[in-house]
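Shown below, as structure tokens, is a lone chain in the form predicted on its own; questions about how it binds or moves come after it.
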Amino acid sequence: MDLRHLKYFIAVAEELNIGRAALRLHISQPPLTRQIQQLEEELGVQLLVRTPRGVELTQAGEMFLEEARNIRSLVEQAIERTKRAGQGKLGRLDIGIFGTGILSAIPQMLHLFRDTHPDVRVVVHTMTKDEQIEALRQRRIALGFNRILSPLPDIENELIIKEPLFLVVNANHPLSRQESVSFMELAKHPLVLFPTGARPNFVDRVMELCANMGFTPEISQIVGDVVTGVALVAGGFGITLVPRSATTLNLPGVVYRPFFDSLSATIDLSCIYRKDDQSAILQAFLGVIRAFREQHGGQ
């Protein structure tokens, strides 16, 4: 049995007339009659009986009509879902996240994607940079968000935004009374930096910026994440720097101040994905990322 048999039978059963069904199907009556006979032979039951005005359904025919309609509906749904999956509008997207981007830019992009692709299930996994790369290679995630990634032959690294860095100081620190500060202030105070783990990382970026300004900072502590770093500043343990997205951390006892003399004091937020991944859902999400980047001017 093929789907054509079901299509022909449904038409005849609804029209209750071979001639009208043939016109509806745009075929002649003899081949339509043969198709119905073949269907009855395959099922081993009579589905239709002839009457002076056309045909009538047998009890078996009435039951088969219901089942045929159900099958047709399932097939149509399968076709539609397959088309939507091929367009990146249906399925599942696994994403790796880490760091301060989750405090601002990443949720905005996820929200934009959810608005335009409501039938795609987005699953977020907290992973370090190394874990994201391994998960990409094992195809456990399709995309990751991270910062400062060394070039890799099989991984694409696409810039989303460049975030300005902000100084974080204790609310009682003299620098807290300034609306903006000089980057050279970092040479005068011990720094709390983050994170530990894979290099290059945010620590290397800060050291690079300081070297470009002609000094080597005093590092008092290197901690695992931004929250710990900001919390230590709140406790009076030096100062730190954070991307703009982290200024949403409303910890008591700290203030955030921009730099007025270092336009280069920025850090990239990028997305990473396999270079050979051409899946429709990934391409759809990358479209959202690129629209976000254009809207924010890379800043």
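Residue numbers run from 1 along the displayed sequence. Computed from a predicted model, the values in this text were never measured in an experiment.
Form predicted in complex with a further copy of the same chain: not shown, discussed below.
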Non-hydrogen atom contact N70 with a further copy of the same chain in the model of the complex at 4.5 angstroms: yes
Partner proximity in the model of the complex: G86 to a further copy of the same chain, non-hydrogen atom cutoff 4.5 Å: yes
Non-hydrogen atom contact A78 with a further copy of the same chain in the model of the complex at 4.5 angstroms: yes
Contact label in the model of the complex: S279 to a further copy of the same chain, heavy atom within 4.5 Å: yes
Proximity to a further copy of the same chain in the model of the complex, single hit among Q38, S28, T248, Q59 (heavy atom within 4.5 Å): Q59
Among 30 to 38, 258 to 266, 60 to 68, 231 to 239, the region lying within 4.5 Å of a further copy of the same chain in the model of the complex by heavy atom distance: 60 to 68
Site test, A198, I222 and A284 vs a further copy of the same chain in the model of the complex, non-hydrogen atom cutoff 4.5 Å: no
Contacts with a further copy of the same chain in the model of the complex - residues in 117 to 147 whose heavy atoms fall within 4.5 Å: R139
